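Only one chain comes next, encoded as structure tokens, the form predicted on its own.
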């Protein structure tokens, strides 16, 4: 079931919310059970075949968590190791079996048949969430042990399919808090407004950018400078508003139920460098990779060389987490390399006491955004060769071509451009203009406007600390007023009118 579907909006969500708050008047246990049951229904709507797998994973990890918590000495570590091997083995089978078989076939010139395993939706997120729970249990951080709350923690539908990756310690106390079971007009109004903003990002912006990105990556045969950058920027902003929209919707829905989810997205394209970018993009995944992979590998505690090796390892595995393919590995490797360069540059700049004024900040931001876009090419391209073709065009090596229909509107400027080497080709004028029109709209919103959490800065709508400023300008701050009800009503109505063909979220694939 999609958040941006009529079934969810007008059937599932109202029934679940009404049932939850009515049952909560009688019993918090019944309300939590209802919410867990509704979450399983939400998951089963996609494919009920994988409900036994989800429940089996929950029972297994809860039981292993109990064993780890009760064990002492070396036995504690053995239980943890057994649980992690099982979880990662299951994830490897469903997500990477064919990837490993293909690799073995390539290396050994063998012909082992592929398994064509269907990936259960959300398996990466519920597996990572439970790995964090097991490690926290091993470290003695887990205090809450009620099975029903654990089931709700894993299955809670606002995060189950595409995150955020949750920590046991930040969610379980909320399921035990009496205030979470009382209907709040403030939570409902703020949550509904955040949901409406997220829905608009997805339906009105991301879905309109998608055809232009898809055209470049799947159908285009002209990769001149403007075409290549137009399609790549369309994908960069499509992914931005798709993921940002999903994160807003998840936070908004959860707040209606009185539960605050962790912040997962904080205007990453405003980042001043790649370190800052990873503090703002998919924040809970970055936190997971830092706490459960980078730090256990040694982090920055064993010297600069080991630190850079750990960064590369973490980002390579982070890339592979996004998908079983070499392009994802290359994407992860690029970001690992970016981080190594960024840390190395910071160390050198500090040593040399290099000035970092406003001009440097603008250059640093532009370089960061360009580097992120280059990496997105590998993230989205269907093959390495296709990615290289597009990068070739972005570098201007296929020339600077423009549609002939645009050339006709330029008058004498056309001749001047031709003298500078610009060529004009037939067809594609409408596609070119529409692509750049949506790129400009996406860029203006991403770079110049406050994000949802800044607009809602007067209210504690999500957990966690923002990398950027917490508040927007005074006139941009949401408040329960007639003006804001008109704004939210308008974008909600516009989004609903565009829901004839609801599209899946990009992060559902991971």
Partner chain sequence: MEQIQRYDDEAPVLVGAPASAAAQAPVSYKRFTAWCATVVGAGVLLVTGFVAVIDPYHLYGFVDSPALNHVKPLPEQYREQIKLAQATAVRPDLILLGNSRVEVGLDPDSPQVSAHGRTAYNMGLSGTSLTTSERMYVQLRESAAPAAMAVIGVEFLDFLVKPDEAPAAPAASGPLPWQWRFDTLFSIKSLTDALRTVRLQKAADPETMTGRGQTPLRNYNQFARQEGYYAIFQQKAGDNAKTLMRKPHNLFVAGTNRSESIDRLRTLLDTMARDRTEVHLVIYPYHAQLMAMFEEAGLQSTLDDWRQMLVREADAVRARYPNARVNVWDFSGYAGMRCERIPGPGDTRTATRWYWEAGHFKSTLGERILQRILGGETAFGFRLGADTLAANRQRIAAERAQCAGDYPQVFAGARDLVANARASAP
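Quick caveat: nothing in here was measured; it's all calculated off a predicted structure. Positions refer to the first chain, counted from 1.
Below: the form predicted in complex with the partner chain, not depicted.
Asker: Among 187, 137, 130, 267, which has at least one heavy atom within 4.5 Å of the partner chain in the model of the complex?
Answerer: If I apply the 4.5 Å criterion carefully, the residue I get is 187.
Asker: I need to confirm a contact call. Of 305, 426, 352, 107, which residue comes within 4.5 Å of the partner chain in the model of the complex, counting heavy atoms only?
Answerer: Spelling it out, the residue with a heavy atom inside the cut-off is 426.
Asker: Answer yes or no: in the model of the complex, does the partner chain come within 4.5 Å of a heavy atom in every one of 479, 486 and 500?
Answerer: Every residue of the spot touches the partner chain in the model of the complex.
Asker: Taking heavy atoms only, is residue 111 within 4.5 angstroms of the partner chain in the model of the complex?
Answerer: No.
Asker: With heavy atoms only and a cut-off of 4.5 Å, decide whether residue 368 touches the partner chain in the model of the complex.
Answerer: It does not: once the partner chain is placed as it appears in the model of the complex, residue 368 has no heavy atom within 4.5 Å of it.
Asker: My question is simply whether residue 221 lines the interface with the partner chain in the model of the complex - judged by any non-hydrogen atom within 4.5 Å.
Answerer: Residue 221: yes, in contact with the partner chain in the model of the complex.
Asker: Does the partner chain get within 4.5 angstroms of any non-hydrogen atom of residue 182 in the model of the complex?
Answerer: Yes.
Asker: For the chain seen here without its partner, which of 276-284, 391-399, 187-195, 356-364 has a heavy atom within 4.5 Å of the partner chain in the model of the complex?
Answerer: Of the stretches listed, the one contacting the partner is 187-195.
Asker: Taking the partner chain in the model of the complex, which residues of 251-271 have any heavy atom within 4.5 Å of it?
Answerer: Heavy-atom contacts within 4.5 Å come from 255, 258, 260.
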